[in-house]
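Next up is one chain by itself, shown in structure tokens, the form predicted on its own.
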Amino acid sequence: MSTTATAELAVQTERRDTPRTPILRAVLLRQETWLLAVVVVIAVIASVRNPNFMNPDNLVEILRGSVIYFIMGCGAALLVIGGGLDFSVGAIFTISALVGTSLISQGVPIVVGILAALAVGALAGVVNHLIVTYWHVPPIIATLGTFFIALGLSALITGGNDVVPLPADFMKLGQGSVLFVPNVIWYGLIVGALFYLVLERTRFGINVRAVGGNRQAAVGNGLRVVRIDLVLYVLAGVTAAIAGMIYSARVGAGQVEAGGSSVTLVVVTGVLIGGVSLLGGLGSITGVAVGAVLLSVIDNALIVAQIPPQYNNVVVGAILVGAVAVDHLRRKQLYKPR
């Protein structure tokens, strides 16, 4: 691809992501802004009902609870920004963790078990890509199919039983802390920083936005769209596998019932709430982070306020509808003629 064509795509991408409005209005239009406002409002309400909500230990627990969804959301968000979609991440989360923990429980070195789990996640991503790209199956159908296949294989691998016990050294990875900060939070920060740099500071990130924003234009400008799609599906699978192993280390078991449809829906919801557009091209890792924290805050606030957990789905559903509506308005503003 020529330097001129790359620069043109970069300019087009920048225009799609930058509202043609004054700075203050631009800030107000960002999804992260109103999400943070919602987080603050919920925190204040929860604190009024139960002052323990603002306890430092509880705040750490909120962050710890958001990490799994955030890590999975990083890979899923990059894929959606690039114009793809993956509903199999919850099942990849499960099968990768079961493969990794099964090996570790049988005496295989921890590093080897973790790498095996990541390989399973990457393989699942490759399979999704092949089905979507070469069989021309719509992403939502293709990944729903692999979702059920992966869940079925998960049950076959372990006979429907959880993988226990696990070595203490492995569990320390999920239960320990460094500088008084839980390891799982450090993992989230590291993964988030890497994905932020990839999306915002690399040529690959620019190309991802270009493919998601206008696939035909990207092809016409010489971008290797098929290769980009492959990398994105693999990253979505690998981040699901990373989250699965972190979760297993934290709870001390490879759980057959962990993951599944509930995790998939929460991850997709967090990504959309965080400002990633289903139409592709738009979104940020910081928005995904705020979306994950918001979901964790809602879940924790309902528990602390002793509100029945059934209301969780009602609140999350309402916020999701609002997020999609805001995305529609935002795209209208971005593409409004000068």
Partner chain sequence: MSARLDPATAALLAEINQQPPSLALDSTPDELRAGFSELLRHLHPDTPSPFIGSVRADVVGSAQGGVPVRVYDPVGATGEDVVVYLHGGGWVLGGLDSAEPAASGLATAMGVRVISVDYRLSPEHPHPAAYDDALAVTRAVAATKPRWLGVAGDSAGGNLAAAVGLAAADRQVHVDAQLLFYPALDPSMRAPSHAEFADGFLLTGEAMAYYWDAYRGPSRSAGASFAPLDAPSVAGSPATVLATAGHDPLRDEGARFAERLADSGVPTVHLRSPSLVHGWVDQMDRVPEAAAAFRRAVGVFDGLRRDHLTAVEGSTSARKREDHVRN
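Positions refer to the first chain, counted from 1. Quantities reported herein were computed from a predicted structural model and do not represent experimental measurements.
The form predicted together with the partner chain is left out here; the points below concern that form.
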Under a 4.5 Å heavy atom criterion, is V39 part of the interface with the partner chain in the predicted complex? no
Hey, in the predicted complex, is G252 touching the partner chain, heavy atoms inside 4.5 Å? yes
Taking the shortest heavy atom distance, is E32 within 4.5 Å of the partner chain in the predicted complex? no
Though only this chain appears here, would E200 touch the partner chain in the predicted complex if you measure heavy atom gaps against 4.5 Å? no
So which of F170, F87, Y187, Y247 reaches within 4.5 angstroms of the partner chain in the predicted complex, heavy atom to heavy atom? Y247
Only hit among Q175, T133, N221, S102 for heavy atom within 4.5 Å of the partner chain in the predicted complex is Q175
Given that the partner is absent here, state which listed stretch (92-100, 212-220, 177-185, 71-79) has heavy atoms within 4.5 Å of the partner chain in the predicted complex. 177-185
Heavy atom within 4.5 Å of the partner chain in the predicted complex: which residues of 252-267 meet that condition, in order? G252, A253, Q255, E257, S261, S262, L265
